[in-house]
Ligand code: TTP
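Given next, in structure tokens, is a single chain: the form predicted alone.
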């Protein structure tokens, strides 16, 4: 079932661009794994163990930032500002320091991004914890009848709610008619915020913000602008564009446009996807294998249809299950050649799941990988699949069809972010 909100068609509306930025993502992932960390200063990094002399902070929770701990800060400096907690009985002015667990963070990011791809056709993944959505096809700037808010705001709340329910982490969301304004909006009310900047209001929203808020302005550029007497986005917007161009080259004009809310870039995905996947969580953990198979069958159909809609063929079909608390198991099978076959995806997924017949399942997923986008490369199933009398003979290899007595001989592939 689609997670998109039904709205009236309004093709004359400006684009609705949504920027999703996860709040202190690594720390949020650790709090999902251990809820006892909620409210504690949490620092994620490397190099703080005894004897280590080099290391840096990857993420600091907002509680840790209150002590001056920031991302990219040397661990030694962070420990001076916020000593490491020795025992649970000594929480005052101390923090919890944890090592980076990128595999776990990637798995949570995959859950977040599956929500985003389910909610919008066009998603630009920027990093593990940040993405843009062009939501123009599933919401609009129209006002909600009888209320002083926009449909786009409701969509943003829907995004946040779906992420929280599926991935268990918080996001800040900005909504605007273009990418740069949407990103600034998502930063404006962190953490766990929603900021909506409707068409015609971008320049007023930007004007009082410091120049660092303008997309593309870093510390060096901010310092140079300050020397020119330019302190706010409004100052940039009212500056002489020729002066900015003289000082910063073509980038000067871009800064001028961004400060005025002008940005005509389209939200475009970065390259071709490496895989297609769909996952679904159960309201309660279940050991009903028939129920798990039924859910996986629907996911297999959805992911196969999505691959077909993108013109993609695939050589690997995989499944994933999550058991309490967050134990992830994956299995995958490689095919002789790239195919587009919904029935094969469903059959293979269910066969792979047979290994987990006794598992207590919290979540199940289906994934297609080893993608090919060249239509001429499709292997004819007639040459190797004899199902339904289509002729030929399927190779009987351990990679193609592992038996339950040969567990572990199947091709194993981790789901990635």
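Keep in mind it's a predicted model, so treat the numbers as computed, not measured. Numbering follows the first chain given and starts at 1.
Although it is not shown, the form predicted in complex with thymidine-5'-triphosphate is what the next lines describe.
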| note | The listed residue (359, 58, 350, 371) that reaches within 4.5 Å of thymidine-5'-triphosphate in the predicted bound form by any heavy atom is 58
| query | Among the candidate residues 84, 190, 253, 308, which is the single one with a non-hydrogen atom no more than 4.5 Å from thymidine-5'-triphosphate in the predicted bound form? | reply | 190
| Only one of 67 to 75, 197 to 205, 227 to 235, 342 to 350 gets a heavy atom within 4.5 Å of thymidine-5'-triphosphate in the predicted bound form; which is it? | 67 to 75
| message | Under a 4.5 Å heavy atom criterion, is residue 16 part of the interface with thymidine-5'-triphosphate in the predicted bound form? | response | no
| Is there a heavy atom of residue 38 lying 4.5 Å or less from a heavy atom of thymidine-5'-triphosphate in the predicted bound form? | no
| Relative to thymidine-5'-triphosphate in the predicted bound form, which residues of 21 to 40 have a heavy atom no more than 4.5 Å away? | 21, 22, 23, 24, 25, 26
